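There is one chain below, alone, in structure tokens, taken in the form predicted on its own.
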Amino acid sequence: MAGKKRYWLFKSEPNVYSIQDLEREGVTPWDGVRNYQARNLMRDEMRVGDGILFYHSRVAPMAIVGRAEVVAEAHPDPTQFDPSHPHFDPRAHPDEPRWYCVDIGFVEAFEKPLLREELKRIPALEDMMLLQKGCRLSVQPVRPKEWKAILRLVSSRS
């Protein structure tokens, strides 16, 4: 799929890192991901320019709150090498990193968040990974039709 824009959803607890934090900083490495499936998506699939839906999780209400984009492709996550960091991995070595991250850049914060319960009522999103029971992956693919449906919903509210 080289050259074809792809879409993703990144989950974050807003008390850890929020869309407002990203807006203030502009760009950030998406570090600390310690799930192999999510790591593989970042390392092997994401490209500069890919779109990201930013989702606030583990908060009431959970919602898609904005957009970002991939601004730098996968590189070793530096937190894995720092013994003082909560995401330190003693099995990782700079010559053989275990964990990767991408850098993301702020695009927009939605004026009105798209609540999870609201998303469940949209037929075009019925197969969206985010809405599947038991899916807890923090970085996940979004199909083009899902991306378009969400952006249509955002634009209809402004």
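It should be emphasised that the depicted structure is a prediction, and the values quoted were computed from it without experimental measurement. One rule holds for the numbers: they count along the sequence shown, beginning at 1.
Beyond the structure shown, there is the form predicted in complex with the DNA, which is absent from this document and is the topic of what follows.
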- Task: Could you tell me if all three of 40, 64 and 93 have a heavy atom no more than 4.5 Å from the DNA in the model of the complex?
- Result: no
- Task: Answer for residue 136 alone: is it within 4.5 Å of the DNA in the model of the complex, judged on heavy atom distances?
- Result: yes
- Tell me, yes or no, whether residue 58 is in contact with the DNA in the model of the complex, where a contact means a heavy atom of each within 4.5 Å. yes
- Looking at the partner-bound form in the model of the complex, is residue 35 within 4.5 Å of the DNA by any heavy atom? yes
- Using a 4.5 Å heavy atom cut-off, state whether residue 120 contacts the DNA in the model of the complex. yes
- Message: To test your reading of this chain, name the stretch in 128-136, 45-53, 23-31, 107-115 whose heavy atoms come within 4.5 Å of the DNA in the model of the complex.
- Response: 128-136
